[in-house]
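Just one chain is shown here, as structure tokens, and it is the form predicted on its own.
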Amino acid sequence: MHVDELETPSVLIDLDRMERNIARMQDYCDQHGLAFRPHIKTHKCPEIARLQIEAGAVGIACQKISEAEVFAGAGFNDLQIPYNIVGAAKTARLVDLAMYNRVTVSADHLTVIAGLADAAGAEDLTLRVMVELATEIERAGAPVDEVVTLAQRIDAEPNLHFAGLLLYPSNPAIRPLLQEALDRLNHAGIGVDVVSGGGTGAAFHAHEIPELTEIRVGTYIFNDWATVSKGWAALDDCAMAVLATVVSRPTPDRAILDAGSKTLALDSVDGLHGFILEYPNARIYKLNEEHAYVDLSACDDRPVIGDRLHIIPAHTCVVSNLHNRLYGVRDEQIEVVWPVAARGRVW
């Protein structure tokens, strides 16, 4: 099937670029003795994750239990969930996963640890728990002076195992804080199995933090306009493009595309909701649910109604979660169609 036969909007994956991205990241990790754990929230497709495992990844990271359940059902059995799992219903599902799979979860508070211990104790199994260390993004994570207390609490629970430290992003600037955390754990006599870093921007700097034993990265496999704008990837590294059609030209300086917020999501980079490959000076400046507003005033050549354009999205992960399928393309031919099996799995 030729790509021109697809309806729009559709999400295209350039297979050559994706395969190159997979190989580049795995080669980097192999070169520096790092275990690689791809984060599947970017694509949510077991078939793509299997390509990452075949390339050398040790397991996968999932953001939510529902994602992990999909991938466990597809045969993946080394699952890390770098997220606080809170509430009896969720911790029970987590323990169900851990009955037949190697499951590691993170925690940053005694309350979270207590909930995990109760759930694991109810089924008399051992759950691997990492302590998340706070970083400069001020999201989840415990301050360094609480790490030992949390690790001791995990080790004190008969059904929990302290599996190490987790942080995001693992930029080189965080190394002194990480060293302090490890030093405190060492003085307390607590062993550390894994030190897990993450982040696409931080990935190729992981060798500057020798304490890391693995990294978790998601966006690298496709890249997007955000990674290009931040200098983390080149335009030629962008494997995902949204194919859209010009459906209106209300004025000489404005085009309307059939790819709105339900296709591209509302994420933006410097006010732009994506980059149009055919018209690099065009600006996708606004989205309605089914319409993309494009400013053509800086363009010498301009599209007409019916033209099909390729958009590099601002944020690839949210685009995957909006679509039922991804189309793998090579030489303008649809080589494979991947169902987005974990689409909408956000609980």
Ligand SMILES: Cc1ncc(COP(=O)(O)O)c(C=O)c1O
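Since the structure is predicted, the reported quantities are computational estimates derived from the model, not experimental observations. Just count from 1 along the sequence shown to find any residue number.
Form predicted in complex with the named molecule: not shown, discussed below.
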{"item": "Answer option from Gly218, Gly260, Gly115, Gly141, heavy atom within 4.5 Å of the named molecule in the model of the complex", "value": "Gly218"}
{"item": "Contact assignment for the named molecule in the model of the complex, among Thr200, Thr135, Asn171, Ser268, heavy atom within 4.5 Å", "value": "Thr200"}
{"item": "Residue stretch of 273-281, 247-255, 69-77, 218-226 approaching the named molecule in the model of the complex, non-hydrogen atom distance within 4.5 Å", "value": "218-226"}
{"item": "Heavy atom of Arg308 within 4.5 Å of the named molecule in the model of the complex", "value": "no"}
{"item": "Exercise: Gly164 in contact with the named molecule in the model of the complex, heavy atom 4.5 Å", "value": "no"}
{"item": "Lys44, heavy atom within 4.5 angstroms of the named molecule in the model of the complex", "value": "no"}
{"item": "The named molecule contact at Gln63 in the model of the complex, heavy atom, 4.5 Å", "value": "yes"}
{"item": "Residues of stretch 81-106 in contact with the named molecule in the model of the complex (4.5 Å, non-hydrogen atom)", "value": "Pro82"}
